[in-house]
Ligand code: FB9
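Okay, so here's just one chain, in structure tokens, the form predicted alone.
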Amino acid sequence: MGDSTALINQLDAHLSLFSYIDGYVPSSIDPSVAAALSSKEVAKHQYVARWHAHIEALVNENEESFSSAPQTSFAQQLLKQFPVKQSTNTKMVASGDSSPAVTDLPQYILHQLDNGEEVSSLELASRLSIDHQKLIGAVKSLLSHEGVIATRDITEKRVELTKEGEDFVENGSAEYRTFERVAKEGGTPQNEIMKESYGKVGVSKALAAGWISIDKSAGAVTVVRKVDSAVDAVAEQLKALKVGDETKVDEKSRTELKKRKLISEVTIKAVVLSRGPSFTTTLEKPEADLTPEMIASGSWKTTTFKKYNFDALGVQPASGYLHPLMKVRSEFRQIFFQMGFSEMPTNQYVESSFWNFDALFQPQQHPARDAHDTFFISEPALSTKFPADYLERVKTVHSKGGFGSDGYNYDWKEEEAQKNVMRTHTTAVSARQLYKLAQEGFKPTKMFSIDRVFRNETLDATHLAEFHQVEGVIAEKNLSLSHVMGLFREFFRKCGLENLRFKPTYNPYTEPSMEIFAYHDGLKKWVEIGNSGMFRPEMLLPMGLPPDVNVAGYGLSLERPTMIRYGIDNIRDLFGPRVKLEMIYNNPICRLDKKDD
């Protein structure tokens, strides 16, 4: 079965290369393969299902244009797995034959209706000894010829034998086999009978029927006969029901057989066939195309054309697929927009050390600026265009202090600030936007960004050299830490997280700073979900922002919530060269457990 499944998958991929109407030419292999496939196998494959319906229609229409089998390795595999069956050329036989070998079912049905009488599809299937669904397929092909036949739906209850009931028909009932097992003289030890599969039920039913009795006089328990012979009425009743002669089995006996789970009642859906208003026994194959010759001669006016099948599946168009990160990113963007944030431009991956570090009041000797933590650019290695007055103010606050700060008291070097790096955080973008806000005239602002950042990390299951950072920035006069905590709670509430905790921490460019934790119900513990803080005056005042303006920022990664949402435990299976394309094709829509007002 494994080889067959692989072959069907290969067939589905092969058929996907062809359109529904043009391109694919059926060969003598097709009917044999189509007949060998089960309905479950067909339903699992989109293109095989489309092809199967097409071949079935051609066979039902007595299509004789199948080409010879192609001499390819794939065709040879199909021939080996599904050998071509030799069919007869018999179109039809007389309806009086009790079990005719019919190859043209639609034509046979028409001849059955020619006398004007109605006939059930179940009756026709029984006459031909074929599967009822196969006959229904032929009925459907006739219904495509408008007005030729008419149908009405019926349901019929039938009795079917269970597996045990079939066994009783073939080998006798449990009680009869028990009776036969008992020796005529002296009986048979009960424990020997109980070893048989029918023993327990057989002894019970044979005792109830009065055929046997239990003798304990000799010490051992022995089963002895009470009558010389017995009639297996249960087996006879089952045989009658199997051939459809239900009149021989009364209602009481039928109830008993049901109770013993020897029979079951099933409801069968069928149709009653009758002649339609345009009935004919000679079917003309409808034309599929309107040709120039038909138009020129005018024959199109009287020609019967094949109807369009608007339910037929066409070739699935090629399309792109959204990565899980992009789906979660879209959810976060919508939350930011709902809260009145505007999106910052983040299309500049290469940044100068000035905007990435110095503008954030991060000292030039800070470990984060070392090569083992940051990717430095070799070409172009330097940036030289900075706002001169702002550059001077940043230099002063670093080396001498100012704005109420003592600074770091070191020799600040412009050539260090000129070095280009792959940005290590999107806060570099926030610094540019805050400087722009100060130059254009301050107004309260809420901004966000979601984009890629780069760090020289050791790669493992939870760390990559590039990842995505989600960042929000709020600038407002007299903004306090309590305001910011309330905003954080609202943001994460919309993400489906309500149980939050804040823990003090250290960041070079925020004071006070807080780590944000949420309680994870699945892990049963507190998990860090983000970092936050109030930007330091040494960062904001050199930009030219008013002294009473406070700016808060918070950030989190995009990968961690995506991994949790999609059940991925290794970040390299989510992002990077190890990602399987099937995961991107088949991943579901992302829906955060949002808590709306």
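Since the structure is predicted, the reported quantities are computational estimates derived from the model, not experimental observations. So that there is no doubt, residue numbering starts at 1 and follows the sequence shown.
Below, we turn to the form predicted in complex with the ligand, even though it does not appear here.
Stretch 555-563 is the contacting one of 31-39, 47-55, 555-563, 568-576, since its residues have non-hydrogen atoms within 4.5 Å of the ligand in the predicted bound form. Interface residue remark: Val527 is counted as part of the site for the ligand in the predicted bound form, having a heavy atom within 4.5 Å. Among heavy atoms of Leu161, none comes within 4.5 Å of the ligand in the predicted bound form. Although the partner is absent from this view, Thr510 contacts the ligand in the predicted bound form, with a non-hydrogen atom inside 4.5 angstroms. Heavy atoms of Thr178 never reach within 4.5 Å of the ligand in the predicted bound form, leaving it off the interface. In terms of contact with the ligand in the predicted bound form, the residue from Phe375, Phe467, Tyr408, Tyr390 that brings a heavy atom within 4.5 Å is Phe467. Interface residue among Val139, Val169, Leu497, Leu283 relative to the ligand in the predicted bound form, by the heavy atom within 4.5 Å criterion: Leu497. Residues from 374-409 do not approach the ligand in the predicted bound form: none has a non-hydrogen atom within 4.5 Å of it.
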